[in-house]
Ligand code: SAH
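Before any questions on binding or motion, here is one chain by itself as structure tokens, the form predicted on its own.
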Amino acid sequence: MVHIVGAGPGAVDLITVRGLKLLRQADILIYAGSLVNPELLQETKEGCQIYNSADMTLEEVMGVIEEGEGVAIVRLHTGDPCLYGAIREQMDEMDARGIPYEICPGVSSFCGAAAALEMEYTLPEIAQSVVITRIEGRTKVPERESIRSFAAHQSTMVIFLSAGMMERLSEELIAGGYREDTPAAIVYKATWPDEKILRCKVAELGAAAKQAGIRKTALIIVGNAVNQKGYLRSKLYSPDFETEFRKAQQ
């Protein structure tokens, strides 16, 4: 059995209880070394074979998995593996080989970033949608999902894998419809000990990142929800709002 496990956003105690249990039981661990906190490796049992997939191809990863037939294997990804984890191609390869697998979800870095910023992404009358995306680089993005296209919606945007292209990102956001003074934030290594938070405007993203020396491992959050102001109180907890569990107060 192969367990595809989300390691969480960085802090070692943000892996799930289930994920930690699976990690401790693993006979073979293949982890995304470029992003997963290496302190988690200390949770493996004695004799566990550990492989860093940062310098491996898909074929090499599958070779290790095939050789481990009959033992517990954990494929450890950063955050939640469903986001930019390249797990579909791994699951297709395992399906073709008849290798059973399960997915253990994790805490995504976009959740870690919100916690670091002490923000709620979905504020009544400000934003009720979150767009999780990336700017096009060496990996293509469908035109309908370009930064410029999404910017037209004016919703909250959480942008992955774009810290090294901040100037172009800023230009695309503005060209798509965000005002230059729209609130923005850069969260470097959310939940890690060396976490860094920068607050700025959309037009200032490039300058802020350059001044702080940030070129990777950062999320960019854009939208009016970033400043956490001007929202309406939730009806759910309003005394004059009736729910299935509570009568409205007169």
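Every value quoted in this text rests on a predicted model; they were computed, and no experiment measured them. Each residue number is its position in the shown sequence, starting from 1.
Although not depicted, the form predicted in complex with the named molecule is the subject of the following passage.
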Listed range touching the named molecule, judged in the predicted complex by heavy atoms within 4.5 Å, from 173-181, 159-167, 137-145, 93-101: 159-167
Among the candidates V222, L29, L219, A209, the residue which, in the predicted complex, approaches the named molecule to within 4.5 Å (heavy atoms): L219
Proximity of Y51 to the named molecule in the predicted complex, heavy atoms at 4.5 Å: no
L83: touches the named molecule in the predicted complex, heavy atom cutoff 4.5 angstroms: yes
A203, heavy atom within 4.5 angstroms of the named molecule in the predicted complex: no
Contact flag, L35 vs the named molecule in the predicted complex, heavy atom cut 4.5 Å: yes
Residues in 91-110 with any heavy atom within 4.5 Å of the named molecule in the predicted complex: S108, S109
